[in-house]
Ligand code: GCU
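Just the one chain here, the form predicted on its own, laid out as structure tokens.
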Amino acid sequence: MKVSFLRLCAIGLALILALSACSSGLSGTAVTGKTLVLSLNQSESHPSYVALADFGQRLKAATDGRWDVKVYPNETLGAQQEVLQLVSDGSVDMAVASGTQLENLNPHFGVLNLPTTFKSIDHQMSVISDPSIVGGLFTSLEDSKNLTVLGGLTQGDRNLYTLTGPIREPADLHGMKIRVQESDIHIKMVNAMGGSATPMSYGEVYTALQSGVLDGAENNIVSYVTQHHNEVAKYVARTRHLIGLDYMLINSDIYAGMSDTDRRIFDAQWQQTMKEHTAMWKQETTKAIQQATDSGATFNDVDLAAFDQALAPVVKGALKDPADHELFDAIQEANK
């Protein structure tokens, strides 16, 4: 009851802030400024919160106080699925959501969440900042859901970590139970890499590794350390099989209602935020690697060509729509 009460209080405050705009912004009405309510599922210490809080401060300064951003972390306003509905109807202005959530609204977003789609974080961020590649995708929810995708925040490259190792090629994973997210693509991905995909709630992974129920898991290095998985799974294979992405969404009426000047300022500050977050993520990854190494974890390179070859059928099987093929090919071309 306590959590529900606090959440209701937070939503009530968010609604008050949402109604504090100088004008509503509904149905294209001009908005002269307001404090934008932004929902985030990460904690205050996470790079996403730090970068978004700074985004609000810079936006406020650049617009002489007309626009501001209030970040609500820790899923205070609700889980991502319910918050997206709140953004859609205008009760909340902005939200960060995972690719899985957007795939449920438009399956074409799945292309950006396939293994091997991106070759590096820089490749990923250059693509999502290029309207010629993702412009149509990012505006595809405006008519049906009143949601505009502004861009995203990298989750970094995901790697395998195991109780025993090292893992150098797919054959080394034979028979190993590897935790995955509850996603068909992720299950196929780990199975293709040679492991036995085991869907499991994130909060249960540490205990499952500690007890031997799991032989390993896959995630980015920051999460590997912050969740203390490095204490029990000491072998990290640099498979870099997937580079994750969280999306930033805004209520389309609010975005369309900004004056041309304010939208230019808003867009510029958001682009700066993505760059700031990317740099911060790289720094945090370096720190996490050092922390993991100090705790006794070992990192090793793998036969990337062998893993890419194993994952190729998963990617091919997911690209059934010609539009998905076209998007995937454009993303690969951008890396050249």
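Here, rigid core means the biggest group of C-alpha atoms that superpose within 1.5 Å across both forms. For every residue, the number given is its place in the sequence shown, counted from 1. All values derive from a computational prediction rather than experimental measurement.
This next part talks about the form predicted in complex with alpha-D-glucopyranuronic acid, which is not shown.
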The one residue among Asn159, Thr116, Ser223, Ser91 placing a heavy atom within 4.5 Å of alpha-D-glucopyranuronic acid in the predicted complex is Ser223
Interface check vs alpha-D-glucopyranuronic acid in the predicted complex: of Thr76, Ser98, Asn191, Thr198, the one with a heavy atom inside 4.5 Å is Ser98
Partner contact check in the predicted complex: of 174-182, 258-266, 123-131, 105-113, the stretch with a heavy atom within 4.5 Å of alpha-D-glucopyranuronic acid is 174-182
Is there a non-hydrogen atom of Thr273 within 4.5 angstroms of a non-hydrogen atom of alpha-D-glucopyranuronic acid in the predicted complex? no
Exercise for review: Verify the contact flag for Asp246: yes if a non-hydrogen atom of it lies within 4.5 Å of a non-hydrogen atom of alpha-D-glucopyranuronic acid in the predicted complex, no if not.
Suggested key: yes
Check your understanding: Using 4.5 Å between non-hydrogen atoms, is Asn219 touching alpha-D-glucopyranuronic acid in the predicted complex?
Key -> yes
Contact label in the predicted complex: Thr63 to alpha-D-glucopyranuronic acid, heavy atom within 4.5 Å
no
Checked 281-300 against alpha-D-glucopyranuronic acid in the predicted complex; residues with a heavy atom within 4.5 Å, sequence order, are none
ask   = Comparing between this form and the one not shown on the rigid core, is the C-alpha shift at Ala217 2 Å or larger?
value = yes
Check: Arg158: with the rigid core matched between this form and the one not shown, does its Cα shift 2 Å or more?
Finding: yes
field: Val149 C-alpha moves between this form and the one not shown by 2 Å or more, core aligned
entry: no
